[in-house]
Structures are given as structure tokens and as C-alpha cells.
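We begin with a single chain expressed as C-alpha cells, specifically the form predicted on its own.
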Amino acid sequence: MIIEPRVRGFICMTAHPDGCAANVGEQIAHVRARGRIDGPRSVLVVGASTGYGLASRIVAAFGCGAKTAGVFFERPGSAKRTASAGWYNSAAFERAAADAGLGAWSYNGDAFADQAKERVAGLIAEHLDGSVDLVVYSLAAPRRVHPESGETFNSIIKPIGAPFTGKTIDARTGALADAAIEPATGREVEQTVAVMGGDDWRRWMEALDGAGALAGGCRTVAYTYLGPEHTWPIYRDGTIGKAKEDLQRTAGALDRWLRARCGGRALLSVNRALVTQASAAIPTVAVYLAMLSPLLRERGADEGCIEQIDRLFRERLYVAGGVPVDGAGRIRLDDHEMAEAAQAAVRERWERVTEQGYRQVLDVDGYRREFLRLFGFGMPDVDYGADVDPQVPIPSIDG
């Protein structure tokens, strides 16, 4: 099959196995070039197949030498259809881990379900020496079926209290487009919190503890975002923001519980805005990203997922003297993004985003390149005209 990108809305419907493997290989090479990290030995990543979760698994394995278990819900390929990018990423990761002599096992299924927690606890017992000393929670999902009530919740990206109007970027054409969104209802806020808040993170930790799968001193980290005022109406002050507030409360409660239970820690890491499958769906954020990346490149401070998570492990989570946090107890990796000089430049350029001159202010081509790389397209040294097999096995799942 000759595989080309087919973009619909904010998602690419196809993915390229060789391109995804090349992307994973680049991330592994970055971590290896930075040297060894004195970090965890046995790691579970919930939401391990793309973005920050994938980067976390790569850093744990190739930086720390840890055995890893990854949880995700991805689509395998068939003779007529490509797999999802996350499937190809995970297949490439497991192959590279095997070549390096690193233990890696994966579970593909609904992470919200109790069955997933039970199966993964069994996997940890069998393959990861019985317990994990780091749990990374990096799940991004559009819906959740509650394991007790059976109720289905759907997350939605909406403002609260007033309609939102703003600009976004069409990932297929690069055109600047208008976005208008009506405010969320109270029920929609509740549903978004149920999917994207902290309840499932808490359930994972309690299930692992009940199975005896948490090592003494185990740490857990989840990822969040704050961002500048330009994104607040649709992000911090919207439905997503309410979910992130719940995640913050959960982090505090889990931290107190883990400290008492096993001398561990639960932390939130505030990461910088990046082009991911999740962020591409948020109006205004796409415009902000196309503006932010070139500004940070000018300052030598641009980072992707792998650079962020490599810095998290080396300079925050596993440093002598304890984990450095802000006044709210959060790890801050958004320091380059939120530096006053960078945000002053954003404010100045934001006023110049018009239909006629937006390409002079925004790196639209760069944004589109980063978007397509998420699905394995645009990688150097990959022959996109070659006939490739879309059916790629994940060794620990397909045998």
C-alpha cells in the first residue's frame, strides 16, 4: 500500500508505519545522546502511545534503563487500512526496546475499565518484578464509560458562561479559519471533568495499591497546562480548565495518600504548549502554537515532547534535594514558554494576526509539518512512494 496523509478536520485518518518508526527513533536518539538518568527502574505509562506519554516511556526506557508497561487504546492495521499512529509508535518502541535488551510490555484496551487495571496489575506482577516505582498518567480520551455506573461521559471543548469566537488553522490547507463555539451547559462541564479530570488517575493508583503493585517510594505524575491569557477563554476558563482543576485537586489528595502509604509522591507537571493530537482540536491554541514555536526558536528555547520529558526526568523528578515545585506544588516545565520576554512578543504579534498578514506572523508551514509528523509523515529519509505493509505487529500483544 502507498500511504499518503488524509486529513479530516483536526485529525489525520492515515498513518505511516515507517514514518512513525523514524519519529520514535529520533526521540530515542535524543535521549541516548543526553546520557544516563539515575531514575526509576520499573515504570507504568497510562496513555503511552503518543505525545507526552510516548516520550515518557522512551525516557524511562532509554534514559533510565527501566522496564516499562504501556497502556493505550489504538487501532491495528488491516490489508486495506492503516493502523493508528499510536499503534505504529508502540510497535516501533517495543522493537527498539527489544534490540536494546529492555523489557517492554503493552496493553491495548480501554484504560478506564476495571479490567484494564486488573490485567495491567497482572502484567506488572509477571514481568516488572511485581511492582512499579513510577506511574505516568498521560491519558487523553474523548469519552469514558464509568466502570461502576456504566454511564458514558463525553468530553467537549467549550467556553463557560459566554460564546467564544476566535481563529484556528486548517491543518489540511494552512488557511486561517473562524471558530465560533457556544458556551457549555452545566452537564457538559460535568461530563468533561468526568473524562479528563482526576478520577481515573486516582482509581489507577488505588487499584495498583490494592494489587500490591506500588513499590516503596513510588511516584506518580500527570500532565497539565496553564497557558497565557490568549488561550484562557477556551482553555483555562473553559470545560478543559475545569477538568484540569479537578486534576490539581486529585494530585494533592494522592500526594498526601502516597506520602503516608509508601513514602511516595503524586505530582502535576505543567508542560509547554505543543502540537499534539489533543491540542490540534482546540481553537486559538493552533494559532498560538504557530506563533510560539518560532519565537522560542529565536531564543534557543524551543522544545518538543521528548525534550520536555527528558528535562522533567533529569532536572525535576530525579534530582538531589527533592522535586522543585511552584507555590501550588506543581512542577513547571513551561518556564521557557511563560517567560515574560516570550509572552511580550506573543502579545505584540497577536495584534497582527489578520486574514491578509497572518503568514508573516505565524509559522503555518511549521505547524502543519509538526501536525503531520504526529502521523509519521514528512520524516527525512523515509520513502513515501514505497509500497509498505500497513499490518505491523506489536510484539507483546501480537506475539
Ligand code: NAD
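Since the structure is predicted, the reported quantities are computational estimates derived from the model, not experimental observations. In case it trips you up, residue 1 is the first one in the sequence shown, and so on.
The same protein also exists as the form predicted together with nicotinamide-adenine-dinucleotide (NAD); that form is not shown, yet it is the one meant from here on.
- Although the partner is absent here, Ser138 lies within 4.5 Å of nicotinamide-adenine-dinucleotide (NAD) in the predicted bound form, judged by heavy atoms.
- Of the heavy atoms in Asn271, some are within 4.5 Å of nicotinamide-adenine-dinucleotide (NAD) in the predicted bound form.
- At a distance threshold of 4.5 angstroms between non-hydrogen atoms, Leu296 is out of contact with nicotinamide-adenine-dinucleotide (NAD) in the predicted bound form.
- Interface residue remark: Gln27 is not counted as part of the site for nicotinamide-adenine-dinucleotide (NAD) in the predicted bound form, having no heavy atom within 4.5 Å.
- Out of the listed residues Ala281, Ala207, Ala111, Ala184, Ala111 is the one that sits within 4.5 Å of nicotinamide-adenine-dinucleotide (NAD) in the predicted bound form by at least one heavy atom.
- Just one of Phe153, Phe313, Trp201, Phe72 comes within 4.5 Å of nicotinamide-adenine-dinucleotide (NAD) in the predicted bound form, counting any heavy atom, and that one is Phe72.
- The three marked residues, Arg95, Ala104 and Phe375, fail to reach nicotinamide-adenine-dinucleotide (NAD) in the predicted bound form, with no heavy atom of any inside 4.5 Å.
- Screening 95-103, 157-165, 314-322, 219-227 for residues having heavy atoms within 4.5 Å of nicotinamide-adenine-dinucleotide (NAD) in the predicted bound form returns a single hit, 219-227.
- Taking a 4.5 Å heavy atom cutoff to nicotinamide-adenine-dinucleotide (NAD) in the predicted bound form, the contacting residues in 38-52 are Gly47, Ala48, Ser49, Thr50, Gly51, Tyr52.
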